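We begin with a single chain expressed as structure tokens, specifically the form predicted on its own.
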Amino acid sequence: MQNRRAVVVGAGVAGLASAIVLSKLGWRVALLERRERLKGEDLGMVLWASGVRALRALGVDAQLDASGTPVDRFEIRNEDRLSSSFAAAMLGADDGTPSVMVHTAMLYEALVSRLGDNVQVHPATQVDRIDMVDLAAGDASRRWDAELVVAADGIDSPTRPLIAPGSPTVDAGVVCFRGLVPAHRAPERTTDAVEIYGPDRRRFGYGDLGHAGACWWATVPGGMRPESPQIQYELINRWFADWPDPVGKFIAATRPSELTQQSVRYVWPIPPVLHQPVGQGGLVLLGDAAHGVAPILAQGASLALEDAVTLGWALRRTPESVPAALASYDRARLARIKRVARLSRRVHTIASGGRGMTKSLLRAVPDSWVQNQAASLSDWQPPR
């Protein structure tokens, strides 16, 4: 595969990871990114054990290079009681791989640092053309020919309709506010990661980031708020005013300028195929462009890393034929992606129930079911 040319569209987690994989295989990679700088968000995120295994396969150790903090215990609560609590050891990680909370920007920097000499980064490049006859990707003035185009261009991917026109982005009807609190302002935490379910489709969660502080997220019904950060901050205080500690303490420790908001969307149905052969090459979807699952289970980054590692495995397994390798990639990924997507959508539907419904379901669901579902999310291993 020496001197083969690939184009990766998008420099998020999926794009960076796939560029690392391709560079290691000897491909020359053009990494096209619409932003002017390669920079991660100043937020926190969960990497399940599966995502940590993928990072290790890429040569990036989650705890050392991305400052990951192992999650020893997860808790699920409603406003007035603990509904479920389980140790990370119950997640089926027989190899001892932890799930971790990571600072998003640090993970991003770790991935950028692993880009090989074969990767040329082209920032401020808005890809608006994919040539499906003579395979190439380009913007208004430039064109990059390739034997492989990796579309890692996010949940609103303009590339996905070329492969899966029947897999649109669906609005989940909620918006998520997120914040990162520096260590010197972070309130005391009694556990590593918590998700609290309340009335009217509201949820609040927080996680420990070790020396980087702590992160939190709050989900409320509706769309993106147009108000100023100060007004948004006041609204969040009002929405969660009567919630138990430490919810109020996390909000109080956050400055309005540190808030971000994001509409919650997902791809449904999942594409029936993830690639399209083009001559002796092909186009393949990775990350949220392929499967943007409902984010309630925090699977997006882990699945993206799994995608990249599996793509590398498929190309090594069938080096003489890109179309055959992409077909192997599809077979290896689709069953898991569909399973995670169905579970994520089901949990989102439960969490979006009417007043009292979510609380009743949390009381009725046994811990063993929650633990089994969590274990199924962590059980992926890099293919060999």
Ligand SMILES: Cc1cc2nc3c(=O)[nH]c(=O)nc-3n(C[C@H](O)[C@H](O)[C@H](O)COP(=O)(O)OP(=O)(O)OC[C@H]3O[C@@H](n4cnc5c(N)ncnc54)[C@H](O)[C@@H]3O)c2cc1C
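Residue numbers here begin at 1 and follow the sequence given. Quick caveat: nothing in here was measured; it's all calculated off a predicted structure.
Missing here is the form predicted in complex with the ligand; even so, the following discussion is about that form.
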All three of Arg35, Val127 and Ala301 touching the ligand in the model of the complex at 4.5 Å, heavy atom to heavy atom?
yes
Partner proximity in the model of the complex: Arg202 to the ligand, non-hydrogen atom cutoff 4.5 Å
no
How about Ile20: is it within 4.5 Å of the ligand in the model of the complex, going by heavy atoms?
no
Considering non-hydrogen atoms and a 4.5 Å limit, does the ligand approach Arg77 in the model of the complex?
no
Evaluate Gln120 for contact with the ligand in the model of the complex, applying a 4.5 angstroms cut-off between non-hydrogen atoms, and reply yes or no.
no
Here the chain is shown alone; which of Ala341, Ala57, Leu334, Val46 has a heavy atom within 4.5 Å of the ligand in the model of the complex?
Val46
Proximity to the ligand in the model of the complex, single hit among Gln230, Ser113, Gln262, Asn237 (heavy atom within 4.5 Å)
Gln262
When the ligand is placed as it is in the model of the complex, which of 248-256, 176-184, 268-276, 222-230 ends up with heavy atoms within 4.5 Å of it?
176-184
Could you list the residues in 5-22 that come within 4.5 Å of the ligand in the model of the complex, counting only heavy atoms and keeping sequence order?
Val9, Gly10, Ala11, Gly12, Val13, Ala14, Gly15
